[in-house]
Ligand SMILES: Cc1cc2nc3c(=O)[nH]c(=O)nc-3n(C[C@H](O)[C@H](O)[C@H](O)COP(=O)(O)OP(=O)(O)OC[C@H]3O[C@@H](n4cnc5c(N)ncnc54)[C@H](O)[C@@H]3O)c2cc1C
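A single chain, nothing else alongside it, follows as structure tokens in the form predicted alone.
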């Protein structure tokens, strides 16, 4: 190996999905020298991504958000509809962003638009060297991690950020095991046009096989994630456009009028996977290397962006050796509560949809009924969903003695 084929970097980011490109940007903007290793950005991803307000604010600081606005649709209202045929059915629950003084919960946009915007900013960002090839072999050492790339070169770094997906070779090289479970479910993903306005409302129909989730796109268009049994996904995917359009319209109870599905359907088998650790041997896990779960509640990349935020926070405490043991322990401790809580919540909700047991149905129906009927509880749920801790902080704020006195004074003046 020649000297020219070897390069040193403080931080190596493996993976060029959205989480990897965001990680490269964040570490470079924090002053680290970054090598990004991964193939050119995918252009055949027909999925969309819904990012909530905190993630959007973060993308804005990176200079990414402005390029996404024209391709995005705001999520101003979110609705849950019980689409099962069971005896116990939950009432429709509607969440309005205006109830918690927000203009919108987030934005939904095609993955192609997100990837293109991230690629443009990554290419323009000083401090990022993009090697458009994969890591073929990892060598974690005591004082550095070495990555052998498919182009024959080698990169040494003090820290590696593994954004290389759910099967993460970097995670395996770090010696981190995974607790995983394959679900008897697949997600059929597509986009469609409709004859009625969606009014920037996302509707999640709960069905016996999982959620059927419509999310608005610009104009009279929406994206759909439909969770069904694997065999059913294949059968639906094999239908012609006219037949599938009619089925989608019927499943949506025609709330958006006439439906016409686009081409480019995709099927994704569902699973849950959680690593036993989120960092080890100079490698931090982010994105799907750190968590995999069913597409419920728009968690995926929103959680991945939090991974990146806390990874750079932990690394920045020791900028001369960001992969030192203290940085890894700090990152693991920071991510564990959030990832475990959200994975558990998504898994529990998914199981409640699949279960035919009466106690499970009663619990789900009672919980949704409370959310629909009690506005303070609904507001707490919405605030916690957007910014964990903010809902309870709002309650404590309203219970402060000076706040109580102010409200009493306002009432007496009336």
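Computed from a prediction, not measured in an experiment: that's the story for all the values here. Positions refer to the first chain, counted from 1.
The form predicted in complex with the named molecule exists for this protein as well; it is not shown, and the discussion that follows is about that form.
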query: 47, 189 and 287 each touching the named molecule in the predicted complex (heavy atom, 4.5 Å); finding: yes
query: Location of the named molecule contact in the predicted complex, chosen stretch of 236-244, 181-189, 255-263, 277-285 [non-hydrogen atom, 4.5 Å]; finding: 181-189
query: Residue 26 within 4.5 Å of the named molecule in the predicted complex, heavy atoms; finding: no
query: Proximity of residue 35 to the named molecule in the predicted complex, heavy atoms at 4.5 Å; finding: no
query: Residue 201: touches the named molecule in the predicted complex, heavy atom cutoff 4.5 angstroms; finding: no
query: The named molecule contact in the predicted complex: residue 11, any heavy atom under 4.5 Å; finding: no
query: Proximity to the named molecule in the predicted complex, single hit among 211, 110, 127, 300 (heavy atom within 4.5 Å); finding: 300
query: Stretch 151-189 - residues with a heavy atom within 4.5 Å of the named molecule in the predicted complex; finding: 163, 164, 165, 169, 187, 189
